[in-house]
Structures are given as structure tokens and as C-alpha cells.
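Coming up is one lone chain in C-alpha cells, specifically the form predicted on its own.
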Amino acid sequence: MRALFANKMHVIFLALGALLVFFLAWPLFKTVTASSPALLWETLLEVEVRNAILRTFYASFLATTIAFVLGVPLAYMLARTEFPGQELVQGLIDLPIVVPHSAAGIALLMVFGRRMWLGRLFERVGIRFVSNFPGIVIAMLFVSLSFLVNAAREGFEAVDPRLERVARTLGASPWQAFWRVSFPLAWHSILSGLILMWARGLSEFGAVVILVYHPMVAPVLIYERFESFGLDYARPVAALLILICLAVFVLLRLTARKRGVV
């Protein structure tokens, strides 16, 4: 500790970093402590609140699972091959990060709406997106898949292609070289992308509120209570969501550290 403060640059950087941490921590702390434990418990016992929180976590998990199945192969191709239109594909993957999420909701509505041919096609097999749970999943998938695909691509780029070629010369098939060499070595980056994507899905509001609104996820419920009843009614739900997310991510980080992932 003495050596840390002996370096003037470290002291300056710590001071600057402390300001940013304070900027993050103080509003969260004020939100959580503004409601008594009894009020938070009472809020958690509300069926509407509990269902909204569970729906949020489950929908984000499903969106992340879909992105894992479809996005990891795409990330591998982006890292290992060159093909016409590759830059365009990469640009499209990055686009949801910068597009306003209300605009993303409109875009999804133009494709999966009840009057659109794709929406009608899905309705024939019993899947409806507008004002229905699958709409929440595709909204979260659309706005957050960039985190997983980019993290996985960077992970695969960090794996030396010569390792795969060595595996092939030893008799491994392309599938075996991928699953036994590239995927395990890129797993830390993929896992980081999975967690980031899942976390981003939890906070999605703009696309969900346009495409679905009901059934409500936690961010929409907080907004609805704030608009209808004011700050005092919305604050306990916000505090609960902050506490649950904090507990989950602390647990994930401790588990990852114990297993040597981070």
C-alpha cells in the first residue's frame, strides 16, 4: 500500500478513478437505502413484481442462449476467414449498440408485427411476438447480441491458427479441432460475452416497451409505476432490481475467480 501511494501517477489515477466510482455508487446507494427492508420485502412479495423480475431474467437467459448457438459460429468465421461483405456483416453486428433502442423496437415491429408476413408465419405455428413473451426475447436478443459476438470473435482471434493446423495434422477433423482446441482457448472471452449480453438484456427497455409492453419486464414495470404513481411507488422495485443484480454479479465474479476464469 505504501508503494502504491509513493507513485504520484498512481495517486492521481486513484483519485480520478474514485470520482467515477463515487458517481456510480452514490445514486445506487441512495436508491437502495431510501426504502426500508420491510418495504423491500413487502414489494418482493407482490406477485406482479416477482413475476416481472423472473420474466426479465428468464427472457435474457433465453436470448443469450440463442445468441450462443448462432453467434459463436459466426464469431469464429469472422475471426478465421475472409469473405465478401465481411465488413458489412461486422458493421451490422455493431449497429444495435448505437441505434436508439426505441428505433430497434420499431424495426422489430416492422418485421415481426401481426400484419407482417414473417409475423403471420410465426403465428401459424403458435408463436406471437407482439404483446407476448417471445417478443421480449427477440428484443433482448437484437439489442445485446453484439456483446457476445464481438467478445467471442476477439477470443478466437487470440487463438493461434497454427494450433488448429497442428491438430489437423494429428488426425483431428475440423469439428474436433474447433471443440478441442479453439473453443476451450477462447472460452474465457466467450463467457465474458455471455455475461455481458445477459446483463445488457436485463436492462433493456426501449425495444421491449414498443414491441411488447405487456407482459411487463422489470424495467417496464418501474417506468409504468413511476409514470402512474410517482417516485415513491417505483423506487422499491428499482432498489430490489439493483440488489438482485448486484448479488448475482458478485456471485458470478466470485465463482469465476475460484475457478480461475478471471
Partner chain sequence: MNILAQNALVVQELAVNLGDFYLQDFNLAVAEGEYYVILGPTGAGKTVLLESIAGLHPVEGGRILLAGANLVAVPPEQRGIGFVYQDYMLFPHLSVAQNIAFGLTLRGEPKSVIAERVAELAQLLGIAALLHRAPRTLSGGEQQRAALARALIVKPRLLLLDEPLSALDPETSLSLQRELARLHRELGTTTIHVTHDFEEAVALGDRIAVLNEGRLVQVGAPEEIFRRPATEFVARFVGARNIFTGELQHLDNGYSHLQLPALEIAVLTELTGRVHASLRPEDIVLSEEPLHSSARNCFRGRIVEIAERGMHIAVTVSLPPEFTCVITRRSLEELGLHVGREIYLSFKASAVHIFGG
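It should be emphasised that the depicted structure is a prediction, and the values quoted were computed from it without experimental measurement. Positions refer to the first chain, counted from 1.
Form predicted in complex with its partner chain: not shown, discussed below.
Any idea which of 170 to 178, 140 to 148, 115 to 123, 95 to 103 reaches within 4.5 Å of its partner chain in the predicted bound form, heavy atoms considered?
In the other structure, the partner sits against 170 to 178.
So its partner chain isn't shown here. In the predicted bound form, which residue out of Pro73, Pro184, Gly91, Gly85 has a non-hydrogen atom within 4.5 Å of it?
Exactly one listed residue reaches within 4.5 Å, namely Pro184.
Partner contact for Met110 in the predicted bound form: its partner chain, 4.5 angstroms, heavy atom:
No, Met110 sits far enough from its partner chain in the predicted bound form that none of its heavy atoms falls within 4.5 Å.
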